[in-house]
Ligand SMILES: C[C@H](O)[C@H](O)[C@@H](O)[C@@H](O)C(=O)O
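First comes one chain, alone, set out as structure tokens in the form predicted on its own.
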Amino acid sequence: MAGSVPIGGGCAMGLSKIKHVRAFTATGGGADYHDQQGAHWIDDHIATPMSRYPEYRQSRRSFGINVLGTLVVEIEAEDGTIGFAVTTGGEPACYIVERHLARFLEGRDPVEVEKIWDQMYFSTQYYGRKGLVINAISGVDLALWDLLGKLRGEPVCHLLGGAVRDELQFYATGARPDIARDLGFIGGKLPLHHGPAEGSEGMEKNIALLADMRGKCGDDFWLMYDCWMSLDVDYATRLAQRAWDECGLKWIEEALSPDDYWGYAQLKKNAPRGLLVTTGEHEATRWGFRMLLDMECCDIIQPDVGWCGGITELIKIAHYADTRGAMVIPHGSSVYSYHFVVTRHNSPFAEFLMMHPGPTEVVPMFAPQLLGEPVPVNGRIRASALDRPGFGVDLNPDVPLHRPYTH
């Protein structure tokens, strides 16, 4: 596996050491964007693995998609500089950060990102490897990069080697690709509403919605389907074939369980030539993505930087994908992915989650938790919008935080 690039081109001298690590929870949107109250497109009869049970079909909140809440990690240096990051994980992740991971940071030089990541990962491997523990490690890693950028007075994208393009272009994820097209995005990704348990009637509804959007958006606009782990190989194959033939679908995303590498390999073989198979939102670490790439499971990998291991691990994932000729289009994670994508040739565009309830407007993705979060204008963000130190955002002081554990 390819390693990461040196931070800023060498060993740092004289940076203030890490004094404190703190972990908080927050609720009400933000990084845990499923934690919405009231009507919202992101929770409107969307197909999931739980859709086989009628009582959990209408709302993802009904089976607990929002139970964890946001994890906020703060890392304070001896000179008072604070780096922070937000991801999902809530109170359980706070426990892991405070009671286990903090020991690998406090008293250390913040430039030691590789050593710190290695110690966090291998010390938790016996109960971690994926899921909640990697979310916690990701949050710490992102906060560490934010701190390092602030201490050096540089944006994270500069620490990663600098921008390779003048602007980022985006596709939009939401229920209204037609509006996304009018707002200047290059494509629109729809949530799939009906899974295998809803039979042929559900399949017809899926195709009808896609056809309606194709009619509204025209032939030159990308349309994609996000299936959120809800399908089996047979259903996904039939959906892909019809969606390609009848509606010109660009890709089918996360159709199967993230553990079913064999199913993805078969789906990629079954998919019509020209339609892309994408996945990786719920995959983690270089080893998980190596499985996806070596088994030829997909055309595009979609790691979430807040769930896959953080920036330190995403660098390794992207390098390996580059050797396999695969694009890396991170799952929407606001500034944490923007600073990475702008530095990568094999990440030619990015995802923007439309977090307006409609969604009919462009609003900050991780609101209300982040202040200063850039948003696309005409589907684009200038690289110069990422020029502030660290990740360039501030934690909103009006968002209530709870620190359930200390150390």
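Keep in mind that this is a model prediction, so the values were computed, not measured. From 1 onward, residues are counted along the sequence shown.
Same protein, other form: the form predicted in complex with the ligand, not shown, and the subject of what follows.
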Candidate from 281, 198, 74, 98 lying within 4.5 Å of the ligand in the predicted bound form - any heavy atom: 281
Let me know the one among 381, 26, 353, 350 whose heavy atoms come within 4.5 Å of the ligand in the predicted bound form, would you? 353
Using a 4.5 Å heavy atom cut-off, which stretch among 66-74, 341-349, 371-379, 30-38 contacts the ligand in the predicted bound form? 30-38
Might residue 288 be said to contact the ligand in the predicted bound form, defining contact as any heavy atom within 4.5 Å? no
Does residue 90 make contact with the ligand in the predicted bound form, using a 4.5 Å heavy atom cut-off? no
Exercise: residue 42 in contact with the ligand in the predicted bound form, heavy atom 4.5 Å: yes
Residue 128: touches the ligand in the predicted bound form, heavy atom cutoff 4.5 angstroms: no
Decide yes or no: are 19, 140 and 312 jointly within 4.5 Å of the ligand in the predicted bound form, with each residue judged by its heavy atoms? no
Hey, which residues along 212-229 are within 4.5 angstroms of the ligand in the predicted bound form, non-hydrogen atoms only? 226, 228
